[in-house]
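So this first bit is one chain, no partners, the form predicted alone, shown in C-alpha cells.
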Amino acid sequence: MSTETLHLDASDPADVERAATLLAAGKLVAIPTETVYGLAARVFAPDAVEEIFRVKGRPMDNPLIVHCATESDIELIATEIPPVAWRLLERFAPGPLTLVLHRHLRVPSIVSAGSPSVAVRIPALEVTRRLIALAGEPVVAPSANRSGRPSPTRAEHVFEDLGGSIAAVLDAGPCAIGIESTVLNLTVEPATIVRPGAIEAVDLAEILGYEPPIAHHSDTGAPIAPGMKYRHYAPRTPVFLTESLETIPTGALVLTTTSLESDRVRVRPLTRQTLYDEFRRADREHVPAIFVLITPDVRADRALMNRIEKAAVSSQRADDIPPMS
C-alpha cells in the first residue's frame, strides 16, 4: 500500500515530536543515527516490528538491533547483564557499539528472530535519543533500506528505497560515521565481534583486557545480529575487487583510498563515510561495474573490508572477469 512519506526536519522540535507521535502510534519512521539511517518501530509493538520485515523485504531470521535512549532502558530489553557490559557502555555509549546480551522475556521473539539473545545500543545523536524517549520505549531500527541494498547515509537514500511505504523520514543530514555499529557478543567467552565497525578490537581491549576475536560465519548458521549471514550492502551494479589497476578495464569506475590521476579509469574516493553513497551513485548513473582497489590500508580496515566483501559478486576478483565493452 502506497502512502505519503513525510520529510521531517530533525532540527525542528515540532518535527521531532511528530516523528515520536507516529512511532507511538505504531508507524514506521526512518531515523538518523551516527552510523546509518535506521527504520524504527517500537520494540514492544510486534505488529510494527513485523511490518519492518515486510517493508524491507528482510528475511525473518535476520535479527534486529534495539536502540535505547539511556543505559537504564537496556534493563527493559536484556537480562543477566554482566558487569563488563556496563563498563563498555560507560566507555563507548552513546556511540556505535552494539552489545549482544541475553534477551528479556518481555521482548517479542520476532525482534531476535527467535534467538535467546538480543542486540542493543545507545545511538550517539542527541536528537535520536530524545526521539526514542518521546516515543515512550526503545525502538528497533535496522538500516532504512531494501534488504541487501547499500545502507542509507542520507535521507534521500531512504526515499530512494522506501519512499511511499513508510510514514516519515526524520532528516538530520549525512551520517557522520557512514557504516554500521560494531557488534560485540557478550553471551560467549571470550567476547566476540560478530560484525566489525567503527569501534575496533584494540579499542575494546581497553575494557575487556584482551582483543576480542572476529567471528567468521557460514551462510547456514543462525545469526544473532544483523550482517552475519546474507549478502549485504550491495548496489545493483556489480562490485569487483582488485589489487592492481592493470586488471581494471579502460573507462571503468574505481573506488580507492589512494590519490590517483588516471586518464584510463574514473576514480572516486573510498572511505567509510563515502562507500554507500558511491555505491548508490553508481546505480543512479547506470555504471556497468564498480572496481574496488584493495590497497594495504583498505585490507587493514576490517570494518570497511567486511562491507566491501559482503557487497562484492561472490568476492570475485577483477582479473577474473572479461574486459568491458
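This one's a predicted model, so the numbers in the text were calculated from it and none came from an experiment. One-based numbering along the sequence shown.
Below, we refer to the form predicted together with threonylcarbamoyladenylate, which is not included among the displayed structures.
- Threonylcarbamoyladenylate is not shown here, but in the model of the complex it comes within 4.5 Å of a heavy atom of Leu64.
- Heavy atoms of Tyr37 reach within 4.5 Å of threonylcarbamoyladenylate in the model of the complex, making it an interface residue.
- Although the partner is absent from this view, Lys27 stays clear of threonylcarbamoyladenylate in the model of the complex, with no non-hydrogen atom inside 4.5 angstroms.
- Contact annotation: Arg121 falls within 4.5 Å of threonylcarbamoyladenylate in the model of the complex, judged by heavy atom distances.
- With threonylcarbamoyladenylate omitted here, the record of contacts in the model of the complex names 180-188 of 73-81, 180-188, 237-245, 155-163, defined by a heavy atom within 4.5 Å.
- Interface residue among Ala93, Ile193, Val100, Ala85 relative to threonylcarbamoyladenylate in the model of the complex, by the heavy atom within 4.5 Å criterion: Val100.
- Checking Arg268, Arg58, Arg281, Arg272 for any heavy atom within 4.5 Å of threonylcarbamoyladenylate in the model of the complex turns up a single hit: Arg58.
- Contacts of stretch 137-173 with threonylcarbamoyladenylate in the model of the complex, defined by any heavy atom lying within 4.5 Å, are made by Ala141, Pro142, Ser143, listed in sequence order.
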